[in-house]
Every structure is written in C-alpha cells, then in structure tokens.
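The chain below stands alone, shown as structure tokens; this is the form predicted on its own.
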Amino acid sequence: MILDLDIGNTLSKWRLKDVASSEIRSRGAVWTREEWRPGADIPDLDVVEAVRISSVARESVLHDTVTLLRRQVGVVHVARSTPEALGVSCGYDEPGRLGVDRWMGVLAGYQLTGGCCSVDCGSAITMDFVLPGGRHLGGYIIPGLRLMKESLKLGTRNVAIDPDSEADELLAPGRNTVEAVNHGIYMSAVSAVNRIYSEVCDREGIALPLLLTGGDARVVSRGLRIPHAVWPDMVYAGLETCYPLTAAERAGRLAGAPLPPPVPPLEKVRAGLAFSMLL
C-alpha cells in the first residue's frame, strides 16, 4: 500500500492506495499535532511500503512524522515547492516559501487541464493561476470560512455552514445572528473567488479552467458563477505527479480526477466583471 499524507495546519488527511490496482482502499483525517503516533484513527503502517507527504505544518511536526515513518516504512517522499517542476515554473520570488499544498494543486491542475485556476478552500482560501505553457503567476490568500467566523468573536464559531445548503438560501439576508454571520462570510468568500478569477483572466486575456479542493470546496462551489469542478484529491494528485508509484500514475491517470470543467468565453467573463464594477 501507498500512504499519502496531506498535513495541514488544522487537519492531517490521509489515504491508502493499492499499488497494484491504484485504487483507494481507505482514507481519514486526524488533528495535526506535535506527535503523530499509530492508533485507531490512522492506518496500519505494517501494510505500507511507501509514503508521500505534503505538509504545511510546523517543521517540527514534519520532522517527527518523517522520523516515525522512516523507522517503519522503506520509502518516504516529502514534497517541496521548487522553482520548476513538470513543466510549471513557480511565480514566487522565493519558490520555497510557496505553500507546498498550493504547489501540489498547481501541478495537478496543470497536468489535468494545461493551465488553470486552482482554489483550495481550507483554513485559508488560496487561489493560484497557471497559464498554458506552464507559467505560474502566483496567487491570493484570503481567510477561510472558519477563520472569518472566529475573527468576529460573536460566539458562532462552532455553528458550521451546512455544505448542503442551497446558494440562494446562503446569499439571502440572515434572520438571526448565526445566519447573518454565516451568510455574510459565505457572501465574502464566494464574491472574492468570483472577482479574483475574473480580474486575473481579464488582465491576462485568457479564461482558465477553475478547480476547487479543500474541506469547504462543496459549500463554496454552490455560490460560484464560473463553471468549475470540485476535486477533493487535488493535493494527493500533485503527489502522484511528483512521485508516480503505480502503473496508472506513470501513465498519467490521476486518482479522482474530474472531467476538465468547461471554460467560459473571455467576453462573458469580462462582461460579468464590468457589470459587477457598476454595482
């Protein structure tokens, strides 16, 4: 089995992938912590022959995790952000300072679509743009839904936005404090994604496929005006492209990859942007 780890600031997500069939056998998540130890909430390392890691946690957390895994697993790959990989050139002045989860998403999105806007809806909402030809422009970081709620300090932080809510409902004025907070935060997040996407595409003169991942991708997806696809395994797919270990991965088949979303005409993107600027 292959163990893929996506270690975030809040959650450490994992999945087990069969080497022979390239099928996902199990998956889960635990709170990111200083000591990552085997238990009921993580997979049995005895069945693991290789590990691939994407981590944005503190270096001490990554170090302890790698030390533990290398005692029990033969091969451990740790992804890093680099100036160039797989035909993509990093747009950061200091590539090593780009969050590796964002870099994995960029690489996966580029392999799928040949140029895209990748959006990760986690603790923060990050947006990265890579053009056809592989030039990564850089990106944007805005607070995620939970961070925005915590910043208001109104005692509503533990009342989550229902991911199955309809967008029309979430965009309507709230009729109590919890609704007002949730709907305001939701409006801020989806408005930012819609506006940033349109502004960058207008400036670059090209509309790009839009891909979403992360824990809040489903709920953010409901409010977007732009055609898009939700890809829960996008960071894992980046690990697959960097460290292909199965026959399917070496052939370029990425686990859980959606069909590339349709791309709106640039004229329609610009018209929507112009209309929003008049409001």
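Note that the structure is predicted; figures quoted are calculated from it, not measured. Don't overthink the numbering: it's just position in the shown sequence, from 1.
Omitted here: the form predicted in complex with a small molecule. The next part is about that form.
Contact annotation: V56 falls within 4.5 Å of the small molecule in the predicted complex, judged by heavy atom distances. Looking at N9, you'd find a heavy atom of it within 4.5 angstroms of the small molecule in the predicted complex. Among heavy atoms of A124, some come within 4.5 Å of the small molecule in the predicted complex. Among residues of the shown chain, P209 is not one whose heavy atoms approach the small molecule to within 4.5 Å in the predicted complex. With the small molecule left out of view, the stretch that reaches within 4.5 Å of it through heavy atoms in the predicted complex is, among 168 to 176, 98 to 106, 192 to 200, 67 to 75, 98 to 106.
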